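The data below hold one chain only, encoded as structure tokens and taken in the form predicted on its own.
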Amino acid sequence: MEVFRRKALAAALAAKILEVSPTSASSSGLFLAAPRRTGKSTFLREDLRPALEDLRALVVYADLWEDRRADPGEVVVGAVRAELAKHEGVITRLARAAGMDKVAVGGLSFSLDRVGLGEGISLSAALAALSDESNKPIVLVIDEAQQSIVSEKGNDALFALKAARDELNSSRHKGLRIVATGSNRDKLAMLRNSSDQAFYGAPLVPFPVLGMDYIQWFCDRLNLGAKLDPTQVFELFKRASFRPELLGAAADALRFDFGIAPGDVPARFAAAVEEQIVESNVEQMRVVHSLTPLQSTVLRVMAVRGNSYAPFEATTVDAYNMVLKSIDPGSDAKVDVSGAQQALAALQEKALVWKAARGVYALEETGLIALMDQAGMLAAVPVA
């Protein structure tokens, strides 16, 4: 499958990540935020990784959304173990560090299960051995890194990586860079905004969305029986919130319409993109409309309050009751802290709400706020 390449962006970003400068904070970690389904993960795998490897970095990639049931801390450890397994010399080093004089690589004498959080060999020691053996700096890319703070092991992994970063960036080793990406800027910021976080102060930058060069590439490869104007397609792309999959789905709808006349292709393509946008929005709102009045109430208040949302404060409970009364005026039901807790748990199960291990809640999809507002669902929520 042919993939659109962003080689110039990847090369520039790779150089910045690996830069060694007393005035740069990138050695403490780099955080990249981009909305979901805008091509971020594809860029990481297809462009950034090769660009880093061209600069002689060893890249370890961990996707915290590949298996949503797996503990994020275990995913990070698993990615490190998988890379260690490729290097026989590193395994020998680690085995000797564990006090083993004779090493049966691939046998039962040494197991990579010894590497991890609270295990015999720390992530710091393992990554240091990997860097020293390969004679390369390591770049650990953590995709959807905000998931790391939904569990205690995930939090522990971040602090273990901070210790590894501090050790590997000393003069004794080749260096470690952490690149953390996420689809929600506010959630990603939680990893570096507070002084009690492992990567406090690390730069958080917006990841550039795909631009006109992508649209030109897309239009050049379409085979719909007529050419599309890239300028008009780019306007549709903006309306689709820069999500390539919506353009692809619209093109597929026309590709299998064998009765379409060439002159009708541009208008039909525009209509197909609009249909994809509507279908995407309807799908998101379908779950919202299935909520109980209490669950809907809590979701609405959270959407309006944003970063200032305090789920169990008295003023928030008062707001819940005002909204619930507007939703279901004939009911005598009241919201209390216990009811709010149950509603939040249900919203998490429906993948509408995200919760950090320390009890901070946020919407899973920030784009849902605009859809709820357009549906008139937020007007009754009092401003804090």
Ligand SMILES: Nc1ncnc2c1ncn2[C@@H]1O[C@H](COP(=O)(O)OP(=O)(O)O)[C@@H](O)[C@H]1O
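The shown structure was predicted, so the numbers you read here are calculated from the model rather than taken from an experiment. The first residue of the sequence shown is number 1, and the count goes up from there.
The same protein has a further form, the form predicted in complex with the ligand, not shown here; the description that follows concerns it.
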property: Segment assignment from 39 to 47, 346 to 354, 66 to 74, 330 to 338: heavy atom within 4.5 Å of the ligand in the model of the complex; result: 39 to 47
property: Partner proximity in the model of the complex: Val3 to the ligand, non-hydrogen atom cutoff 4.5 Å; result: yes
property: The ligand contact in the model of the complex: Phe159, any heavy atom under 4.5 Å; result: no
property: Proximity of Leu210 to the ligand in the model of the complex, heavy atoms at 4.5 Å; result: yes
property: 4.5 Å heavy atom contact, Tyr309 and the ligand in the model of the complex; result: no
property: Candidate from Glu313, Glu245, Asp220, Glu275 lying within 4.5 Å of the ligand in the model of the complex - any heavy atom; result: Glu245
